[in-house]
Each structure stands twice: as structure tokens, then as C-alpha cells.
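One chain follows as C-alpha cells, the form predicted alone.
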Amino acid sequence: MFTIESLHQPQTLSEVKQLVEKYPDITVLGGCGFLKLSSRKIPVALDLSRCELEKIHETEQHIEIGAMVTLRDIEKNPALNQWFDGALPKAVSHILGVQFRSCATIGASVYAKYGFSDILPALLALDTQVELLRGGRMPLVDFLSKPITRDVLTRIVITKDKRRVSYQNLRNAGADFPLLNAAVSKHDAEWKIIVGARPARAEIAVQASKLLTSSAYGTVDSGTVAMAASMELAFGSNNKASAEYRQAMCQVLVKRAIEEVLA
């Protein structure tokens, strides 16, 4: 269990910004799901639970998700279940149990850029932007490519469009971390293929996505595209699966996702 010497609970983002500037090494508390497993001694901690970031707001053009929204909130939210073939609720529904999902927050899940993340492939398949307190708003793909800096993620903004999405994952057990996951989306004629838990962080298979986009309607060879994605991306080994196994399963998951979107 971690310990905290000084805890700050601001009520506005202006106060949060002042604290971040005053304490460069401040630790932002999310759902603390993984922090509870550590034995860290935290000098200064920042709790965002009073900053009204725990809501999902739907506008005419976007769905805005506050950083303190829990994964369980995403799983149950009517708008997210209606849009994008319910890919986001489906992705988070595989994460451990309901008790954990009721604590873990979307802001911490995205900001930490976990390699085993279920939510990142699904978000990358959409037109997603993140809003940072100091860094401003940027596309999620740009945020993931940057090194982690001292900042605070305040919300996630998803454009409401009519894209079709499929999320797939492979696990040894229902509540285990994924061995591999994948998401595929189609918006108008543009396709995106994302593979995560490689075990590295989720990444867009750019060339395979272009190959699929350039395929004439009705002539999509999902097997060939899936193989191209598996050859384009790098895979690694850990105690859950080998790189060779992940590469082979990538073809299976991507092919399955493409065919689900087509259907």
C-alpha cells in the first residue's frame, strides 16, 4: 500500500494548474488500481475527484469523457453503447472485474499508455483527441507518440461519425491481461487497423490500413491484409506469450475484425 505525505484536492482546473506548476513532481491520483499494488511513498499527491471530471457529455458533434470517468461508467453509458458499434464498452468490459472497473479511471488508463491496455486500441480506431491541462488538445495518436511529461489529462473527446468498428482480444482467461488485442474501423472509404498488447503499446498498422483502404469494394482480401499487418508491426515475448505466437494470432484477430466490420 502506498502512503501520501501531502494530499491536495482542488475544485477547479485553475487550482490544478497552480499545483502542477508549484510541485513539478506531484503525483496525480486516478483510480489508483495499480498504485495500490505498490509500496511507494508519495510526497505530494493530487486528487481530481472534486473538479467535475467524472461525467460523459454528449454534444451534437462529440462525446466528451472526463478524466475521472470510470471504466464501468463507459461500459454502461447509453451513448457509447449506441455509437461505434459499442466498441468502447466492449473493450473495457474485459478488464478484470466490475469492482476494479468501478474504480479505474479513463484518464489514468490513457495517460499511462499501458502496453496491455484494452481501451487504447478502441480509442485509436476512432477520431479521438485528448485534452491536457498544459499541452492543450491533440490527436490521441500524437499524444501516444510523445514521451510522458508532467501534465494532467482532463478529458477525452471523440468525434461522432458513422464509422463501423470491431474490437477483438485474446486472453488466457476472462479476467487476465490480453495476450493480444486489435481494433479495426471503417469511416467512409478509410480503414484503420490497430494492434495492441504486442506486448508493446497499441499502434496503427499504417501500411496495412492503406492497403485495405485502396482495396476496391467487394474485393477485400481480409487474410492478405491481416498478414500484412502482422508483418508490419513488431512483436515481443514475455511470460504470457512469445513474439511468434503473437504475430500468428495477429493475423487471426485482424482478419476477424475486418470481416466483422464488413458484415
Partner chain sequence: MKWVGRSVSKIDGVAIATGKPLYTEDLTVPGTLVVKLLRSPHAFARIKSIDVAAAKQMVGVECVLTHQDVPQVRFTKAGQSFPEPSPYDRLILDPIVRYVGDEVAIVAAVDEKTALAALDLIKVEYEVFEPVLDLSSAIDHPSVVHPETDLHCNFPIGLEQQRNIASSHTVEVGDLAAELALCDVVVEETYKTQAQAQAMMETFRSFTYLDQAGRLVVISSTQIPFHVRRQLARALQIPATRIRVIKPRIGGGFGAKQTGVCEVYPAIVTLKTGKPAKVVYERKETFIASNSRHATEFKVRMGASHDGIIRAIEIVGLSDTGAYGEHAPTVFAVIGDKTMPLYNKTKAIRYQGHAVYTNKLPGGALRGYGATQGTFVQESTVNKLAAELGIDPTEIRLKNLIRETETSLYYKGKKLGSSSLHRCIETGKSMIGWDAKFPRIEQGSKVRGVGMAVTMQGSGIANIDTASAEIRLNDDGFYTVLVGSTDMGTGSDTILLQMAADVLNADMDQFIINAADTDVSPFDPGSYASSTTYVTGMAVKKAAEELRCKILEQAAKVLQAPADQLELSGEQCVDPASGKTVSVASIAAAAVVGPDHRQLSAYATFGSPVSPPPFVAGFAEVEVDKETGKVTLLDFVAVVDCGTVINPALARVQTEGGIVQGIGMALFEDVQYDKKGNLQSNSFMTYKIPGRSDVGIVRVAFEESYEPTGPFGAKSVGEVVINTPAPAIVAAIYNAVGVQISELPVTPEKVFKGMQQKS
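Quick caveat, the model's predicted, so the values are computed rather than measured. Positions refer to the first chain, counted from 1.
The next section is about a form of this same protein that is not shown, the form predicted together with the partner chain.
This chain is displayed alone, yet in the predicted complex one of Leu133, Val157, Leu170, Val141 has a heavy atom within 4.5 Å of the partner chain; that residue is Leu170. Proximity of Asp176 to the partner chain in the predicted complex falls within the 4.5 Å heavy atom cutoff.
Though the partner is left out of this view, Glu244 does reach within 4.5 Å of the partner chain in the predicted complex, counting heavy atoms only. Using a 4.5 angstroms threshold between heavy atoms, Leu13 stays clear of the partner chain in the predicted complex. When contacts are judged by a 4.5 Å heavy atom cut-off, Val252 counts as touching the partner chain in the predicted complex. Per the 4.5 Å heavy atom criterion, the partner chain in the predicted complex is contacted by stretch 234 to 242, the sole one of 220 to 228, 193 to 201, 58 to 66, 234 to 242. Contact annotation for the candidate site: Thr3, Lys41 and Ala248 all lie close to the partner chain in the predicted complex (heavy atom within 4.5 Å).
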